[in-house]
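Just one chain follows, in the form predicted on its own, and it is written as structure tokens.
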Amino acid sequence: MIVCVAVVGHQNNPLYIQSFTEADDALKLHHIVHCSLDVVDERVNNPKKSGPMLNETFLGLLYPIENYKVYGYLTNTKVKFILVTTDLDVKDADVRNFFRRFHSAYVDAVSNPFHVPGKKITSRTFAERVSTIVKSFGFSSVA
């Protein structure tokens, strides 16, 4: 089950963070997303030590913690997408497919002529589209 998704700008500024759990976990999930940025930077700056190639946008599993797994995706413009899930048996192909759809929604949102680049994404349409994508990717059979 997806518990949080985030879009982080190229200067590590949060552009969009949405949690799909109780309000109690929201702060914890924001912290997890923030901590994952160090792992993303490490993977991007040391491509020989980590698996993905420089032209590979899917960063894979960044790290597992407690009851969560954190996945990352990097766009060509250095915008980072973070996915936090409670499902511990997620297939990489499913996560890649999620990020492709999430990236498409992001591109549509920032292509809006009223969106200011580098500012938070406040589009209600984007939020609804993200919620629809998250609901369609019930990784867990329990969801």
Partner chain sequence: MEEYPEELRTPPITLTSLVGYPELHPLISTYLLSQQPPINTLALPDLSKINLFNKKKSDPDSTTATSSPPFIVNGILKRDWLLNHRTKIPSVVASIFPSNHVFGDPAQWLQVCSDLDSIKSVIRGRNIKLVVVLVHTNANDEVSEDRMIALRKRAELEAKYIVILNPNDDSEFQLSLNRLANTFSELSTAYYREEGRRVKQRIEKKNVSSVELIVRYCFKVAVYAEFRSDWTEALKFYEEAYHTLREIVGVTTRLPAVQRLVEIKSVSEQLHFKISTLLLHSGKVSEAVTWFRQHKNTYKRLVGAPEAIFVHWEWLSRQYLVFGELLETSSKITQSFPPVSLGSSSKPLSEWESYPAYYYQLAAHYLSEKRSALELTISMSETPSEVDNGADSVVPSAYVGQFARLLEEGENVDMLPLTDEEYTHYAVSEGKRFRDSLEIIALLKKAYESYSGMKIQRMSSFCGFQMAKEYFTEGDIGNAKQIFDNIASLYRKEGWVTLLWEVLGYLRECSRKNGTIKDFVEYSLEMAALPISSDTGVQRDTGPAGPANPMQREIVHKEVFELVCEASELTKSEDSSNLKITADESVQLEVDLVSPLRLVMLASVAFHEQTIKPGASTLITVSLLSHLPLTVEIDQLEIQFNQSSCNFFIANAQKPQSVEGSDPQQQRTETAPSLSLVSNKWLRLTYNIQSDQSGKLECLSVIAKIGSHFTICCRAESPASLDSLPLWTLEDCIQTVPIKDPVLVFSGQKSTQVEEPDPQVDLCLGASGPALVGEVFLVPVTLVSKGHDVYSGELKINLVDVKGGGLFSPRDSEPYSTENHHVQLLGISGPEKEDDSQLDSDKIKKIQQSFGLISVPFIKNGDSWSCKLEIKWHRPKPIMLYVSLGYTPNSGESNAPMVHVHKNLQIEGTTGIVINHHYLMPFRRDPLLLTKNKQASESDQPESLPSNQTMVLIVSAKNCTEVPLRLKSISVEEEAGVERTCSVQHGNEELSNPALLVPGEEFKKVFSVSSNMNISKLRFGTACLRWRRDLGVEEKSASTTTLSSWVETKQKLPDMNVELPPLIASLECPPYAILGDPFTYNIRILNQTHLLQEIKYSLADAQSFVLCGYHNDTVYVLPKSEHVVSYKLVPLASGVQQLPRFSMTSVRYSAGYQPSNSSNSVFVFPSKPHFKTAASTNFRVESVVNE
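Positions refer to the first chain, counted from 1. Remember, predicted model here, so these are calculated numbers, not experimental data.
Below, we turn to the form predicted in complex with the partner chain, even though it does not appear here.
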request  = Run the contact test on Leu74, Ala93 and Ala105 with a 4.5 Å heavy atom cut-off to the partner chain in the model of the complex and return yes or no.
outcome  = no
inquiry  = With a cut-off of 4.5 Å between heavy atoms, is Asn13 one of the residues that contacts the partner chain in the model of the complex?
reply    = yes
task = Tell me, yes or no, whether Asn67 is in contact with the partner chain in the model of the complex, where a contact means a heavy atom of each within 4.5 Å.
result = yes
query = Using 4.5 Å between non-hydrogen atoms, is Arg129 touching the partner chain in the model of the complex?
reply = no
key: Contact of Val110 with the partner chain in the model of the complex (heavy atom, 4.5 Å)   = no
Contact set, 93-120 vs the partner chain in the model of the complex - heavy atom within 4.5 angstroms = Gly118, Lys119, Lys120
